[in-house]
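Taking the form predicted alone, here's one chain by itself in structure tokens.
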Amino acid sequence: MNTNLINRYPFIAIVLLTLAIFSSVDTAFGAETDDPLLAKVMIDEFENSLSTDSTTSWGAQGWLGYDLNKLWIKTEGEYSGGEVVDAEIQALYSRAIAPYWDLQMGLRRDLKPSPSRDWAVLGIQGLAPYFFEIDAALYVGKEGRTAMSFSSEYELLITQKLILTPEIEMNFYGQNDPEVGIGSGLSDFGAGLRLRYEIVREFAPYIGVNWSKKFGNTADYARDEGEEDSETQFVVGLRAWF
């Protein structure tokens, strides 16, 4: 195995390796019961910005389990300037509570920026009317920290293989955390638009554009560090699942 790849993208490598092992369970037991143990890995975003700092970002998730009960693993982050600058991973128990909707609970660790932060998670994930994909969660951490996240995306089929995907994401925090550059209230908001071409359903390169903006004290902390409080990035990337 290419160790340089693991060093450069450690979290996504661990998740993919783990869930690749999980996925072998499907072929072993899938045909032997009405409720087989199954697994799926989804690399929603693995992309590089077309800017001078060449930021690489990822967002992936996967599950292992049965029809109603599953183990979910989610990870996302950014790599820039020769190091991981932002990374989180979640391990969640997921229970189907309605058609297309799962209630999820578990743990999240923010590995970067330092110092790391740990959270208890209670969330919901599913498909809303008109096929909007929703992922929302509440977080409770040490020393009275609280947070909330919300993301949504929609898939617009231009043709059977060419698909346009708008998405939004926002994060809220209950209190200031200057050590990691987070302010209370609405911390950041992002919107993206990606156009992918499905060579096969499981493999689709894409191009896109991301816009993000920090608000309140989070924006003040960023400016104090010499960073911009908003940015627009053009990206190329890959979406895959198996």
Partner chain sequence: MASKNTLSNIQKLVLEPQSSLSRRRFVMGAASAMMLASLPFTQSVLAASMRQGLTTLSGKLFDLSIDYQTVNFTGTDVRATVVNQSIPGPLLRWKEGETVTLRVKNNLDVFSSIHWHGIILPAKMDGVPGISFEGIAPGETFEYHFSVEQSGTYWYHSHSGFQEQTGMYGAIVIDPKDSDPVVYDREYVVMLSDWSDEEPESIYAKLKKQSDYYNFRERTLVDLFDDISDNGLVNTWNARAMWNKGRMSDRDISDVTGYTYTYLMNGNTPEKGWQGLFRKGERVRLRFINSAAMSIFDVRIPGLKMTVVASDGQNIQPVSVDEFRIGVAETFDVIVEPEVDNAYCIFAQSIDRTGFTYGSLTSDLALKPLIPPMDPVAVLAHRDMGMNMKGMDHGSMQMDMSGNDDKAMDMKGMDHSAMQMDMSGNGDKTMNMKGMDHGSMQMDMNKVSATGLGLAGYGSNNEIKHISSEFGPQVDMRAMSPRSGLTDPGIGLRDHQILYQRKVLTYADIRGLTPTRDKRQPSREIQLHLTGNMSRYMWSVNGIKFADAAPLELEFGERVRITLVNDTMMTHPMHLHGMWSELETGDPDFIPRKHTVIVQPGSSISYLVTADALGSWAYHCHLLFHMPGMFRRVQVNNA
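Note that the structure is a prediction, hence the values are computed from the model and not measured. Positions refer to the first chain, counted from 1.
The form predicted together with its partner chain is left out here; the points below concern that form.
Trainee: Is it the case that G185, even though its partner is missing from this view, gets within 4.5 Å of its partner chain in the predicted bound form, heavy atoms only?
Mentor: No, no contact at 4.5 Å.
Trainee: Residue-level contact is defined here as any heavy atom of the residue lying within 4.5 Å of its partner chain in the predicted bound form; does E179 satisfy this criterion?
Mentor: Contact check for E179: no, nothing within 4.5 Å of its partner chain in the predicted bound form.
Trainee: Using a 4.5 angstroms cut-off on non-hydrogen atoms, would I97 count as touching its partner chain in the predicted bound form?
Mentor: Yes, I97 lies within 4.5 Å of its partner chain in the predicted bound form.
Trainee: Is K40 a contact residue for its partner chain in the predicted bound form, using a 4.5 Å heavy atom cut-off?
Mentor: Yes, contact at 4.5 Å.
Trainee: Hey, with its partner chain in the predicted bound form, do W63, Y130 and E202 all fall inside the 4.5 Å heavy atom range?
Mentor: Checking in the predicted bound form: W63, Y130 and E202 are all within 4.5 Å of its partner chain.
Trainee: Going by heavy atoms within 4.5 Å, which of 64 to 72, 185 to 193, 51 to 59, 207 to 215 lines up against its partner chain in the predicted bound form?
Mentor: Within 4.5 Å of the partner lies stretch 64 to 72.
Trainee: Which one of L156, V85, M105, V140 is close to its partner chain in the predicted bound form, taking close to mean a heavy atom within 4.5 Å?
Mentor: None of the others qualify; the residue that does is L156.
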